[in-house]
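Presented as structure tokens, the chain that follows is alone, the form predicted alone.
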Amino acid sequence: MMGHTEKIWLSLLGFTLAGAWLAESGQAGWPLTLAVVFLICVKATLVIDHYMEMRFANTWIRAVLFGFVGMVALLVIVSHGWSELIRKLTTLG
């Protein structure tokens, strides 16, 4: 019989394989970007709540962790939506 931890682990594995499949699909665009952001958020939530056991931790610590995840997700969106502007701002010459 499979326990809760094993089910979470298999879910994480499935999400990772889905992300790899999406990366190999070659379909760049907003749908892919939003799918990646969704996968980041779901996987991070599972890891933070179940493997780091932060579900009942201090709310400030939990907020910092989820804030970090939110920042990563936001950076993925920004890097897709404004990649040309970012390239111009960070290129010498």
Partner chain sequence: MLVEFLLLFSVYFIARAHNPEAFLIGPGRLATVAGTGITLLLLTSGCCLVKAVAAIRTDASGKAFAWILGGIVLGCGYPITKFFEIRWNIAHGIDGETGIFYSVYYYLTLNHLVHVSWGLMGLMWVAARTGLGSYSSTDYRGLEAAAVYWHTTDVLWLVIFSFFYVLR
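Between two forms, the rigid core is defined as the largest C-alpha subset superposing within 1.5 Å. Please read these numbers as outputs of a predicted model, since none were measured by experiment. Numbering follows the first chain given and starts at 1.
Not pictured, yet referred to below: the form predicted together with its partner chain.
Peer 1: Does the 4.5 Å heavy atom contact test between N58 and its partner chain in the predicted complex come out positive?
Peer 2: N58: no, not in contact with its partner chain in the predicted complex.
Peer 1: Scan 13-34 and write down, in order along the chain, each residue with a heavy atom lying within 4.5 Å of its partner chain in the predicted complex.
Peer 2: Contacting residues: L13, T16, L17, G19, A20, L22, A23, E24, G26, Q27, A28, L32, T33.
Peer 1: Given a core-based superposition, decide whether the C-alpha of L85 shifts by 2 Å or more between this form and the one not shown.
Peer 2: Moves: yes, 2 Å or greater.
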